[in-house]
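The chain below stands alone and is given as structure tokens, in the form predicted on its own.
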Amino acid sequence: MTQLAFFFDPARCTACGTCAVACKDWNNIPDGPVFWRRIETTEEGEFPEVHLQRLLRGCLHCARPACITACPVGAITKRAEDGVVLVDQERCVPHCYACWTACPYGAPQFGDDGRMQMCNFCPERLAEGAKPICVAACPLHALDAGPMDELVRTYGNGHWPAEYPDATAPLPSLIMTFE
């Protein structure tokens, strides 16, 4: 199996929100608080030594997704051919939140109907040989996506930031670089 993954370079990211807006538009997500792709900015230090850290938020299509085992109705699956984690909203039990509780990265989002939704890696774009819309829209090329082994060859293994929960259990499919 090829595991698809995201690459994120926070040094290039300005938190402009283009990836989040493009994702919302492409996936017809209504106005409101639901965003499948998000950039979070944290601040550290004190003036004049302040450091901003950008973090990529959204489904990380983990190798061992905690959300799948937590779902009581089997609404969340992982595609065998590429490792993409998908949710069947028709099977999802509204306002259950078991997946949200299990996910250490806060990926599950909930609309007005209370059903879980999250990044689906733009499967229709993948079928056409295109990158997910968040990657295609990023004006500063802070995002990339593709097979994990290819991303590692291109960008290296990266570094797991302390701001994220431990990555050893779910094995998120994300490579990040830091200076």
Partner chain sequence: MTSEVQRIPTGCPHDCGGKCVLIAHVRNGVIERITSDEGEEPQVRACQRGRAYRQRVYHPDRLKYPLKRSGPRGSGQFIRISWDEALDTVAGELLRVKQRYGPEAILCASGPGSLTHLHRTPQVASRFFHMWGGCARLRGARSTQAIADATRYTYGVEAASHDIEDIYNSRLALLWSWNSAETVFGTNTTWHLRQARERGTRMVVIDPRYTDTAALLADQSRYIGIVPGTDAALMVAMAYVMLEEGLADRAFLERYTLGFDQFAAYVLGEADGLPKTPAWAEAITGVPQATIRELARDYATTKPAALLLGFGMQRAAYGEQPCRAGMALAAMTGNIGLPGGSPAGMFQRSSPVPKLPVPPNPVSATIPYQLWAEAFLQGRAGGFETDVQLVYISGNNLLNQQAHINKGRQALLKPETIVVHEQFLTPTARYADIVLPITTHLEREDIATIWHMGHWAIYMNQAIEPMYECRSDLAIFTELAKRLGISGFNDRTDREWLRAFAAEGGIPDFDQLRARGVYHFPQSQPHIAFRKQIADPEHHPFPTPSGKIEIYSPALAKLGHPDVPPIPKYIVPWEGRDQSREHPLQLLSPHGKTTALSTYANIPWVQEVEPHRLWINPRDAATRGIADGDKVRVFNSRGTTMVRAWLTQRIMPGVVSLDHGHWLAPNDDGADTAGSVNVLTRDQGTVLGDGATYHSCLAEVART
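Nothing here was measured: the structure is a model prediction, and the numbers come from that model. Positions refer to the first chain, counted from 1.
The form predicted together with the partner chain is left out here; the points below concern that form.
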property: Residue among Leu126, Ile29, Ile68, Leu55 with a heavy atom within 4.5 Å of the partner chain in the predicted bound form; result: Ile29
property: Contact stretch among 150-158, 127-135, 59-67, 109-117 - heavy atom within 4.5 Å of the partner chain in the predicted bound form; result: 127-135
property: Contact test in the predicted bound form: Gly17 vs the partner chain, heavy atoms, 4.5 Å; result: yes
property: Touches the partner chain in the predicted bound form: Val21 (any heavy atom, 4.5 Å); result: yes
property: Interface membership of Leu171, the partner chain in the predicted bound form, 4.5 Å heavy atom rule; result: no
